[in-house]
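A lone chain, given as structure tokens: the form predicted on its own.
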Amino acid sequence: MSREGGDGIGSTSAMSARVVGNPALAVAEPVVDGPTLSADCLTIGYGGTPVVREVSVRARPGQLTAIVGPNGAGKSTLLKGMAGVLRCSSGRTLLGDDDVTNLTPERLIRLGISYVPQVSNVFASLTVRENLEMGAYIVRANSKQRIEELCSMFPDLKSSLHRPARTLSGGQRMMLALARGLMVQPKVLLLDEPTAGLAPMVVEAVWEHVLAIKASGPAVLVVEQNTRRSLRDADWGYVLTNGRNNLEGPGPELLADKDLVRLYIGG
């Protein structure tokens, strides 16, 4: 059921991940137009021993790519490196054919890469509308029209446009963070733990929005502790352990392998 290999970008890595399921899916062409975001052998840390070591992943347009693994595996660190929040000490990040390694978050936003962190993802003292407007300031987008479009996607926000973000529930704050990340109409959306700490009913609502965003065309790359939920809908999943690639494959096929779940995913 598995074999040694990678998805093309990982072929230069010192440690290739095992591919679960049909390896041909790993090099499938994008289902819609748009650039693929690729991490090629990235090494990232906080100044000491690297947390992420030669990790390669790929997020294709119109697809949901999930990064899962045990606590401390380096999942959020990898996302921060790809988003320009942390500096990569080696390896490359590519947007299509363009090398975007270690560009600032502001420059990455202009290029179409939007990052929604797990915490501090909204301005608590600003209103919902002001938060959305801040999401578009870098690209000078038509914020009024875009806000109307996003209020149609996130109906709860429409009635709360003049409320301070600090008065929103946890689920509403996450909806606002997602909407804020979409203000620039990104080509790639990076999501770090979008359902952390939310009630089960709210988790489902957030995932419905994530899948709707994917269906609209951008590449969606999500780091998630709720591994079962994320792999169930992931077009492709990566399992990281100890800061390295370990396994990869179609999300449902990773989830269906009981041994893999027991060893690398858990309960």
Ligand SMILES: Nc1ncnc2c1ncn2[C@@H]1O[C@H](COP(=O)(O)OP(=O)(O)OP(=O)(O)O)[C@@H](O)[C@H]1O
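Numbers for residues come from their place in the sequence shown, where the first is 1. These figures come from a predicted structure and were not determined experimentally.
One more form of this protein, predicted in complex with the ligand, exists but is not displayed; see below.
Partner proximity in the predicted bound form, defined as non-hydrogen atoms within 4.5 angstroms of the ligand, places exactly one of 229 to 237, 203 to 211, 46 to 54, 33 to 41 at the interface: 46 to 54. Taking non-hydrogen atoms only, residue 70 approaches the ligand to within 4.5 angstroms in the predicted bound form. At a distance threshold of 4.5 angstroms between non-hydrogen atoms, residue 89 is out of contact with the ligand in the predicted bound form. The shortest heavy atom separation between residue 74 and the ligand in the predicted bound form is within 4.5 Å. Taking the partner from elsewhere, residue 172 is found to have every heavy atom lying beyond 4.5 Å of the ligand in the predicted bound form. Exactly one listed residue, out of 185, 102, 118, 127, brings a non-hydrogen atom to within 4.5 Å of the ligand in the predicted bound form: 118.
In the predicted bound form, 193 is the single residue of 167 to 198 with at least one heavy atom within 4.5 Å of the ligand.
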